[in-house]
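Next up: the same protein chain in two forms, each one alone, written as structure tokens (structure 1, then structure 2).
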Structure 1
């Protein structure tokens, strides 16, 4: 047995211990937190359903293929393989959608190919921006995202370009 086998039970015991010391009713506090979690889930569910529906429609309509073809000159200029371009469109929207494209890339080109390495780097160096904004801003009821979206998308763009450059230079 290793330390990791005992980690979760130790954390639970530590919470109970500190709850006893602070004279807090741990069970009632847990139930209250669970109720707040369900309320938060209900608050953000419409945004998530809309986001997932839009992604499914975008993929089914062939929009990904059209956009990938349109940005091919730009991706080629930056040394980003056009075969991995669907990731740059889906990754900001959906982690699971991007994972499906990533799996297809790995199965087609292999994990050790330049395309596979760039795809792996993109998956690790970018975020599901729209999903994250929808969840976190929806949870706290922020309607005006102001500079958050452009900042997050520019960070994603930097990650894509730097990822392709790093793979080309280091691997």
Structure 2
């Protein structure tokens, strides 16, 4: 047992406690939020169907193995498992695409394997960089984003390398 086993139950308890103190109707508010979650799931489903199907086809054709093999010299240098490399190509571009790749990796190698743990850490500590930049700057009509992209990508690169290192050191 580790402190992470305490994390989820304690967070739930703390939020409910806080809700009661603030005189929130915790049940009704929960239901309202959960209904919103239903909509979120429905929203991601069409994209997920598209991406999981084409990624499944790509994997079946041997494409993922080919891609992993191609980048292996580079990822080996950084101590990153090449099997999880497809994830880092897709992660900055598409959230649903990354989810589809992530599920594929966990399904193939298992959640507790080194590859599965690195994929989980990368997935949990990164964002859809290009998408976020496009939505944010697009919404406020900024054409010249200056150093936003290089800064964001340097952070992504750090996350991938550190992700593999963290699993080696911590788990």
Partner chain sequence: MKFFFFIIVFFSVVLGIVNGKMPEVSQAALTECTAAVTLAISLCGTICFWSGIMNIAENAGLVAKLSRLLSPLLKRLFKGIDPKGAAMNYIMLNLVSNLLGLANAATPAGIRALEELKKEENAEDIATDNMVIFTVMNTASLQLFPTTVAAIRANHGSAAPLEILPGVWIVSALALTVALTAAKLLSKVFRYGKKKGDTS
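This is a predicted model, so every value here is computed, not measured. Residue numbers count along the first chain shown, from 1. Rigid core: the largest C-alpha set superposing within 1.5 Å between the two forms.
Shown as structure 1 is the form predicted alone, with the alternative form given as structure 2. Relative to the superposed core, residue 27 shifts its CA atom by 2 Å or more between structure 1 and structure 2. With the core held fixed, the Cα of residue 64 is displaced between structure 1 and structure 2 by 2 Å or more. Once both forms are fitted on their core, a CA shift of 2 Å or more is seen for residue 52 between structure 1 and structure 2. Lined up on the core, residue 42 has its CA atom moved by 20.2 Å between structure 1 and structure 2.
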